[in-house]
Every structure is written in structure tokens, then in C-alpha cells.
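Here you get one chain, nothing else, as C-alpha cells; it is the form predicted alone.
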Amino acid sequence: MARDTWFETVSIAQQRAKKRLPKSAYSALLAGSEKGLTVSDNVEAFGELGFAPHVVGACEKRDLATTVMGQEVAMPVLISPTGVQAIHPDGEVAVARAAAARGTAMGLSSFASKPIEEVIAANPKTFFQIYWLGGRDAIAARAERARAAGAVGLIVTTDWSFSHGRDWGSPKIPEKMDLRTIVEMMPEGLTRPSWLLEWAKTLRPPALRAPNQGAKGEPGPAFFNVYGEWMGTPPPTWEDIAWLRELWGGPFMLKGVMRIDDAKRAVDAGVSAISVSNHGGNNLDSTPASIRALPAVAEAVGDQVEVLLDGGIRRGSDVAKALALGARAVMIGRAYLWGLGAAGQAGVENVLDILYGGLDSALRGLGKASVHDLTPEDVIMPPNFVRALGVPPAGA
């Protein structure tokens, strides 16, 4: 990667993305809900955790490899599924290539801007993410399309409350990119000429469609149409989750678990993994940071299923803290999207390199030979840091 495009931290990737993307596109990446308490806590909670380092005896080489839902990965950092990555013409395909180049797995959203077949061609280690949308027949059809495409696992996301208001305002995102919309948005695009030129070279505007919500080879419905259908679909029951897990029959993750009782119900439903996540703060505001909920959930079910952490990861040291507190791996969202917005595939690779290097440095400082050697004793945790949600009443 050329030095003039390289960035040394995720924060700088964010700055570059903000400078390069149109205001509405960058604002969509910030997302969040209401006052943004959960968004902030996701990041700031990591700063409350310290390390207890060693000064002598560091291992000459450190092993960062692990497995997640049967997939060997070079680092315990996976791409979390995020919708409509049309901030770059290559979108999810660029992200998939970057993840493959760095030896890790990709989560692909149902609301992605690229077909699952193209993404899996770029990275065979792809998990397909499904929302509970449209009833069992429609969900089964999407799962079977994912299976036929070669998806190595399924991720089911249920933690969504459809909270829309943001104190800092929500970006105006069009329903479709027709001629009228292009004309209306042109002044904003002209303020970011390099981004506009990148799209101009493709001779087509962002489609703002969800091709994985339709049949293979079709453009798919408009994003907002799918979103509306999702809002109108009754939420799933635990019986629905068990049904889908059985239908899929392979590696299966339930994403969005923050409570011990929900984690135990997920185990009963037969899942392979859970992701301790609050949807990046795009959900019920005032939900605690996911890293605060992780230790109690990992202690309760970590010997029965793989436990991952999603939310607030900005540094390799954050990854080390999550692993020490019980996560098998972490998933990242905004961090790689800022890399994509800043420099496309190379930017995503840059972000993954930052996290890999930071995690390697943390292992060295802690005197650990492997990511599997990290324990809670490596972390300095302040009193009352952990939020043990959904604890059964005494005597229950």
C-alpha cells in the first residue's frame, strides 16, 4: 500500500472517510440511535479496562490464528455483516477480497448491495446473515440460496427495535437513484470529486437494492421496500430460531445476545455460536456496551458454544481485552466501513493490519504466545464494570 494512502489507526481511517465521502454517506456510517449513549459506551468502555503487562520473557513469535464456527482464520477478527455498502462501487466484494487477503472470514448482510454469489467467489469463508423477514417460506428460500452459493454458516440477527430518531439528525437516503434523485444530490456529490469520479467510472449510480432478498440473478427489491417488510414481520420466537437452526443444519450464530437467560435459551435452541452485541448502538439506546455484558455471558455458556464480541472495537488492544474476558473472536463493523470509505479494498486491508498489529503487540506485552492464552488476569477491571443482565433470581 502506498505510503500516502496508509493510515496508522482506525481513527485516522474515520477522518479519511469523513473527508472523502459525501456528508449523507458518512453520516449513514455513524448511525446510532436517540442520544447515542450505547454507541459511546461501546467504545469508551474499553478505555476503562487496563492491562497487567510483563517486562521480561516475551515470546519471540506469537500465534494469532484461531477457528470460528469451523473456519480457520489467521486472526480472531471477523467482518460483521452490515447493510448496503454502496459507499464504494465494489462494496461487499471489496471487503470480501480484503478479508480473504488477510486470512479471515466475512459476514454478509441480507441487505448487502452485492449478490452472495459474487461475495463468496471473492471469499469462500463467508457467513450469510439473515433477518427474520417475510415468514418461514421466504426465510427458508434465502437460506437455501445461501447454501447453494457455498455459505459456510448462517448468522441470524434479531436485536432490532426500529428506533429511528437521532439527536444529531439522520441522513437523507433516497429510496432509489433515478434521474431526479441524481440531480438533487449532485451538489453534495460535487463536494467530494474523487468519490464522484470513482462512481462515474462505473457508468451507474448506487443501486440501493438488496439483491440477496430476491432470486439469484435478479436485482432484488429496493432497500426501503425490504426494510418496510422487515418492520411489518412479526418478530421470531425461540421455536422459530430452533426451526431455522435445524433447517440450516450447519454452523449457526445468533447475533445480538446481551443477557445470560437469552444466551442459555440460544444454547437450548442448538446454536453453534452467539455474538454478544447491541447492534453497534443502532438499537435500544441505553443498552450497556457489549464488552460489559461479555464476561457474564461467557462464564454462563462459553463452555457450550463459541462466544464472540461485536461492538466498539477500534484497536488490537481492544481485541485482546475481549479475548481475555471470554470471547473467542470479535466482529468489526464501523472500523472496516471507514477503511472502505477511505480507500476501498486497500483501506479495509489497512484496518485489518492495524488490528492484527495491535493484537500482536498486546500479546507481546502480556508475555503470551497465543491468543488462546489470554485470561481475565491479564486485564485490570474496575469495580462494577460488568453488567450481568438476565441473571436468574436467587433460588430459581
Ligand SMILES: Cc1cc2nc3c(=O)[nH]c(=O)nc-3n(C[C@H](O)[C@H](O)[C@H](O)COP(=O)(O)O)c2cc1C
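Computed from a predicted model, the values in this text were never measured in an experiment. Numbers for residues come from their place in the sequence shown, where the first is 1.
Below, we refer to the form predicted in complex with this ligand, which is not included among the displayed structures.
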If contact means any heavy atom within 4.5 Å, which of 116 to 124, 199 to 207, 132 to 140, 276 to 284 contacts this ligand in the predicted bound form?
-> 276 to 284
Interface check vs this ligand in the predicted bound form: of 37, 59, 31, 65, the one with a heavy atom inside 4.5 Å is 31
Considering 342, 332, 351, 327, which brings a non-hydrogen atom within 4.5 Å of this ligand in the predicted bound form?
-> 332
If you check in the predicted bound form, is residue 318 within 4.5 Å of this ligand, heavy atoms only?
-> no
Answer for residue 83 alone: is it within 4.5 Å of this ligand in the predicted bound form, judged on heavy atom distances?
-> yes
Wondering, does residue 337 line up within 4.5 Å of this ligand in the predicted bound form on heavy atoms?
-> yes
Is residue 312 one of the residues lying within 4.5 Å of this ligand in the predicted bound form, judged by heavy atom distances?
-> yes
Within 222 to 261, which residues come within 4.5 Å of this ligand in the predicted bound form, counting heavy atoms only?
-> 255
